[in-house]
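In the block that follows, a single chain appears as structure tokens, in the form predicted alone.
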């Protein structure tokens, strides 16, 4: 009779092998942690050496600027309601920039994703080209694109909208293409068999499947674009960021205006985050019964 346990490792051998694997994992983890800390320390020393002043000499003054802003804003707190009303048009301009750039970017990103997805692209040989276009669009920061466009078109909201739209198209094109990978191709094949065009196959066979995820990602991108449009105002691209840059200049006595702008941005971002979160949940999980 054959002994089935012959050649099988014993419990002790399994335990020793497991302990050895755990030990190796800890050693590798420790080595990676040491390398990470070393790189962080070296990078900090390099950056500190290139600064106009040393971090160790100025860290104790890190709260001087926020303290001055808050103290001046508190002294002029009676003017806060008037400032909120005054900067509301600039906030609306920022929201318009974010909304327009998100809409344009979502439309372009949809076409890029469909053209770069296997089984859906009308020209399969050009799939790598459209993927590289998407990569380029999201690889270049919005502020770099905005600076170039401001040099060409001049300051204002248009350069900011174009810059954010280009970056949004690349980012959403990547996200949408990943959603497309999970879509069923059976409706597309069925429509193709009855002579439907490419646009009809995408509109009737793909978009109904991926539409909720598309809208969810677009809403999330809208939140990001609000922050981006506010930041681009610092380089002269209009919106509330431009007003914030002017009010935060040191020594102008406008820190009460800066505080009002911060409040408007904070409230707006929180409201948009909450509303888009509710909409995303309804789209992905359906309305609660």
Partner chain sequence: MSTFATNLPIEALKSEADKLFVRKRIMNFGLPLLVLLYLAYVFFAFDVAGLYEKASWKNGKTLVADSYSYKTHVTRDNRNGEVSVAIEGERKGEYPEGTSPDWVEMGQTTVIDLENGHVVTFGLKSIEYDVPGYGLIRTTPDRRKGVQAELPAGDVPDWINVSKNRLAVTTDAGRLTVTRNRSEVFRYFNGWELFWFTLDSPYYGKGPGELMGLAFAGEAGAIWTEFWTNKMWRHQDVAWAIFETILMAFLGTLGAGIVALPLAFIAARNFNPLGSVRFGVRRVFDFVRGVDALIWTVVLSRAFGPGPLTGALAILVTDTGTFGKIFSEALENVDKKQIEGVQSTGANAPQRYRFGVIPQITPVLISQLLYFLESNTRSATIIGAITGGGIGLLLTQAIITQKDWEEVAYYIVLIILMVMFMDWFSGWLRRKLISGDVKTPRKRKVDSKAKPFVLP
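What you see is a predicted model; the values in this text were computed from it and never measured. Numbering follows the first chain given and starts at 1. Here the rigid core means the biggest group of C-alpha atoms that line up within 1.5 Å when the two forms are laid on top of each other.
Missing here is the form predicted in complex with the partner chain; even so, the following discussion is about that form.
Participant: Name the stretch: of 184-192, 73-81, 165-173, 114-122, exactly one has residues whose heavy atoms fall within 4.5 Å of the partner chain in the predicted complex.
Facilitator: Within 4.5 Å of the partner lies stretch 165-173.
Participant: Does the partner chain come within 4.5 Å of any heavy atom of residue 103 in the predicted complex?
Facilitator: Residue-level check for residue 103: yes, a contact with the partner chain.
Participant: Is residue 138 close enough to the partner chain in the predicted complex to count, meaning some heavy atom within 4.5 Å?
Facilitator: Taking the distances in the predicted complex, the answer for residue 138 is yes, it comes within 4.5 Å of the partner chain.
Participant: Though only this chain appears here, would residue 203 touch the partner chain in the predicted complex if you measure heavy atom gaps against 4.5 Å?
Facilitator: Yes, residue 203 is a contact residue.
Participant: Is the gap between residue 270 and the partner chain in the predicted complex 4.5 Å or less for some heavy atom pair?
Facilitator: Residue-level check for residue 270: yes, a contact with the partner chain.
Participant: Could you tell me which one of 91, 219, 143, 108 places a heavy atom within 4.5 Å of the partner chain in the predicted complex?
Facilitator: In short, 143.
Participant: Residue by residue through 145-178, tell me which have a non-hydrogen atom within 4.5 angstroms of the partner chain in the predicted complex.
Facilitator: Sequence-ordered list: 147, 148, 151, 152, 153, 155, 157, 158, 161, 167, 171, 175, 178.
Participant: Indicate whether residue 44 shows a C-alpha shift of 2 Å or more between the shown form and the other one, with the rigid core used for the fit.
Facilitator: Where the cores coincide, residue 44 still shows a C-alpha shift between the shown form and the other one that is 2 Å or more.
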